[in-house]
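Just one chain is shown here, as structure tokens, and it is the form predicted on its own.
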């Protein structure tokens, strides 16, 4: 399972329909949060995600992307959390988290592990990695790539039977990459197991202008979640505020050869009716959706 739950999909001005940015991702039982806008903990309760995730990844230090942290960590402590919580983000993370903790008297039941990251950093996990890439916003900012590890190749039981291997534990041994013996004959894994298969890839840009770096990071992604805040008619404002139009996001998706594009950080101008954004983007990249609060997306294997 690779499940993406959009907890907040709006911009700096929340609306009755859209909370500030927050995305919850679960991959094979491990959960994480990308950005944590104001009210994220209530959105998590409504979405029934639970709060037993390991890490929060912050894209940049504008308030709409991190002001949900103070209340969230306090609630976790009230619930008796014991496991450490990682908060990962770009330049100045130590200062911002220190300021958060100075706002009131915290007696947390768990430790906070703070980690500053920059473009090129890789965070290792058991079944995936998180890669950090540079984005183009008006403060230090990064995006994140969730890249699942390669999977084992497909096992060919018909070929195994032809080679005299009966169904059973020898199949598992071969698929794990170890040779087996039938009598005195050695059977190597590549005789019955196909080549390794790529894992799934999800990219989240946070707030950004379109760029070659975003395209490079998104190359071949199964899902690209891209800033698509404005219509093309407001391209000048997008340049000034360092955001992307829906057209620009769609061009990035097309150039990167992604499978699916979801527009994020929707301006309050379009809170009631975002279809003009969708229409513009689909004119360039057909497999586009507009994010909405509580939307859930399952990312399938392509093979």
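Everything quoted here is computed from the prediction, not taken from an experiment. Numbering follows the first chain given and starts at 1.
What comes next is about the form predicted in complex with another copy of the chain, which does not appear here.
Considering another copy of the chain in the predicted complex, the lone stretch of 209-217, 117-125, 100-108, 183-191 in range is 100-108 [heavy atom distance within 4.5 Å].
Only one of 92, 83, 154, 198 lies close to another copy of the chain in the predicted complex, with a heavy atom inside 4.5 Å, and it is 92.
Taken together, 31, 88 and 135 are entirely out of contact with another copy of the chain in the predicted complex: none brings a heavy atom within 4.5 Å.
Another copy of the chain is not drawn, but in the predicted complex it has a heavy atom within 4.5 Å of residue 46. Under a 4.5 angstroms non-hydrogen atom cutoff, another copy of the chain in the predicted complex has residue 66 among its neighbouring residues. Taking non-hydrogen atoms only, residue 171 never approaches another copy of the chain to within 4.5 angstroms in the predicted complex. Among residues of the shown chain, residue 287 is not one whose heavy atoms approach another copy of the chain to within 4.5 Å in the predicted complex.
Heavy atoms closer than or equal to 4.5 Å to another copy of the chain in the predicted complex belong, across 50-85, to the residues 61, 62, 63, 64, 66, 67, 68, 70, 71, 74, 75, 78, ordered by sequence position.
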